[in-house]
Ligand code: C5P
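Single chain ahead, written as structure tokens, the form predicted alone.
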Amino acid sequence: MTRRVNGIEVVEQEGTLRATVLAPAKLNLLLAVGAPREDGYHELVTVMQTLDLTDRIDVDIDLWESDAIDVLVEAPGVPGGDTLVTRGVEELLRRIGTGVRVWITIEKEIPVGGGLGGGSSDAATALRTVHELLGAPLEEAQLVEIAASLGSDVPFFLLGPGSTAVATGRGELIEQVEPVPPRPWLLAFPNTHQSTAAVYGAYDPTVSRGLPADADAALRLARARDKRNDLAAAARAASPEVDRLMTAFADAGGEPVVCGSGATVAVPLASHSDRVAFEGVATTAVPGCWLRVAWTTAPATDDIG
């Protein structure tokens, strides 16, 4: 039997629930970073927008008449498996008090360690999906609390594809806003994993331009032609490949931005010729780098494909 649960197509057969969902990547249209906080995190204001680049997540739930919880996550290409997903689903089931067996398989398309939020998105999407399949027994605030315990970006991805939000605090306080217009970006990942902690550790808060005063100010910066990412200098210093990509795109007339703390560099596209030119620039700067065009929202037509 097939049915839809809050937009998710669910196949139910002999005590097993099955669903396939997509976990989107994100682009930081603004990343303003302040001084370190007492908890070790930095105060920040960021504007995040989901992209149509996604991981695929298959969720199977076997309903047991038991208090036992069994969660298995398979994520080929993720060293050590996806522990964020495992931790999130286990905590969800513990709070629900339901004994079930959950089997999750993740097919990765979002580069690991690329600053595109793939791990956070997988965790949030799996958490939301399992919660919905089990009848959504928790309050939304509890779901957000679990997500925030996993990582600063995870609450944002609970909003799902096609979302834009202003995030504050350490990134876990989310204010959803209207999605930005569809726009294509060329993503260039140099196949080097960037340590978020190391980049934040190298960031010099004394050069901060200050945090936007409110969501409106943050959105104005996010819409600006020159995207602000306060971690860009630290990310470039940590990775020669990121530095070469940023330089090459800028020299070719682009307006590149480091994605999060790196190592992906994104450059907006205005035409198919832009795409061809920037792909050539990227492969010259970093031979063999991963390239993909992604839209800030799913476009009605693709005129630069």
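The model shown is predicted, which means the values in this text are computed figures rather than measured ones. Note that residue numbering begins at 1 and tracks the sequence as displayed.
Same protein, other form: the form predicted together with this ligand, not shown, and the subject of what follows.
Among heavy atoms of residue 192, none comes within 4.5 Å of this ligand in the predicted complex. When this ligand is considered in the predicted complex, residue 41 lines it closely, a heavy atom lying within 4.5 Å.
Residue 196 belongs to the set of residues with a heavy atom inside 4.5 Å of this ligand in the predicted complex. In the predicted complex, none of the heavy atoms of residue 164 sits within 4.5 Å of a heavy atom of this ligand. With this ligand omitted here, the record of contacts in the predicted complex names 151 to 159 of 151 to 159, 99 to 107, 215 to 223, 130 to 138, defined by a heavy atom within 4.5 Å. The partner is not shown here, and in the predicted complex the stretch 247 to 285 never reaches within 4.5 angstroms of this ligand through any heavy atom.
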